[in-house]
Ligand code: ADP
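Next up is one chain by itself, shown in structure tokens, the form predicted on its own.
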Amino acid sequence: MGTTFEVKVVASLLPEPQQELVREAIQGQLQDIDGKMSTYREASEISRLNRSRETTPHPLSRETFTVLTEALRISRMTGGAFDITVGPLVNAWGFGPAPHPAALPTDVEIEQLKLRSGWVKIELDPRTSTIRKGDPALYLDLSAIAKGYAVDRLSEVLAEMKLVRHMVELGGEVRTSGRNAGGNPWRIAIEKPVSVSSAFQRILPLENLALATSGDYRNFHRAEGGHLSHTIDPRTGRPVQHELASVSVVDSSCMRADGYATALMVLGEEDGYRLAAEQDLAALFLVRTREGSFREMETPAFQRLLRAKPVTGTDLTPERESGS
């Protein structure tokens, strides 16, 4: 999936044959998801769908249909701040799999690309597990939610192998199951949103929970006019422009946390916080201040989470900004 991953398992000594089975199961699951949902693979299921100019129902695998269903639910919930059809705009700004453009898109080009996008143009039929594109040029990009789904699936695979105490991290998205080797909740660190060094802003104790972070401090471009975030607002067709540096979301599902983190990052500190509080999402917003520091905004659900699970122990796993 074009990124790194880490898996930690707490178990009694596993014989080498069983360790090899675990490695094969993890690699097999990642290859399967990548082969279905990666826009970087020309033969993937999503790439074939993107090349198709048919507007008739197109069959999908169960895995891809599951991710698309959740993506559209989050799109509805966020008023289109999350939109998996934003891919052509992502490419136009130089953040997608397409070659880096020679120049930034013009206002006219942005409006033309917006006409070719829109999550409302996607129709899913759960009875037949099919998708119909309302526009033949529609291009789908699952990068803001597929990594979270992959983390969930790896966790489920480990649980099916009776390895119920584990931590899975892929591309900055994390899911924990059970407790760590010290018998405490897993300690997952949220990075301070700065591009020049790796420092921790917060450490979260997580047990049977997932964490995803979206931010603008790792993947960005310098251009005339300043900093261009890789997070594209589907409603404007342009990189987001606000003081929100990152959003971290905790949920039982890494797929949900992944999608919501991106949507809240698009919405910004005011609208994003309001929606997160209304939906009772456990979210931490890090907002830049004029002094160069960061102001923390915790939703009530996030505050309850920390009160319920105080930080203890020394085993620390860094959580990075995802590519969302």
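Don't overthink the numbering: it's just position in the shown sequence, from 1. Values in this document were obtained by computation on a predicted structure and should not be read as measured data.
If you look for the form predicted together with this ligand, you will not find it shown, but the lines that follow are about it.
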- [ ] Would you kindly say which of Ile188, Leu244, Ile232, Met167 lies with a heavy atom within 4.5 Å of this ligand in the predicted bound form?
- [x] Ile232
- [ ] Have a look at Leu209, Leu158, Val90, Leu138 for me and say which one sits with a heavy atom within 4.5 Å of this ligand in the predicted bound form.
- [x] Val90
TODO: Give a yes/no on whether Arg175 approaches this ligand to within 4.5 Å in the predicted bound form, heavy atoms considered.
DONE: no
TODO: Examine Leu113 and determine whether its closest non-hydrogen atom to this ligand in the predicted bound form is within 4.5 angstroms.
DONE: no
Task: Proximity of Leu154 to this ligand in the predicted bound form, heavy atoms at 4.5 Å - done: no
Open item on the list: Residue-level contact is defined here as any heavy atom of the residue lying within 4.5 Å of this ligand in the predicted bound form; does Met37 satisfy this criterion?
Closed with: no
Task: Residue stretch of 279 to 287, 295 to 303, 24 to 32, 254 to 262 approaching this ligand in the predicted bound form, non-hydrogen atom distance within 4.5 Å - done: 254 to 262
TODO: Check each residue of 125 to 156 against this ligand in the predicted bound form and list those with a heavy atom within 4.5 Å, in sequence order.
DONE: Asp141, Ser143, Ala144, Lys147
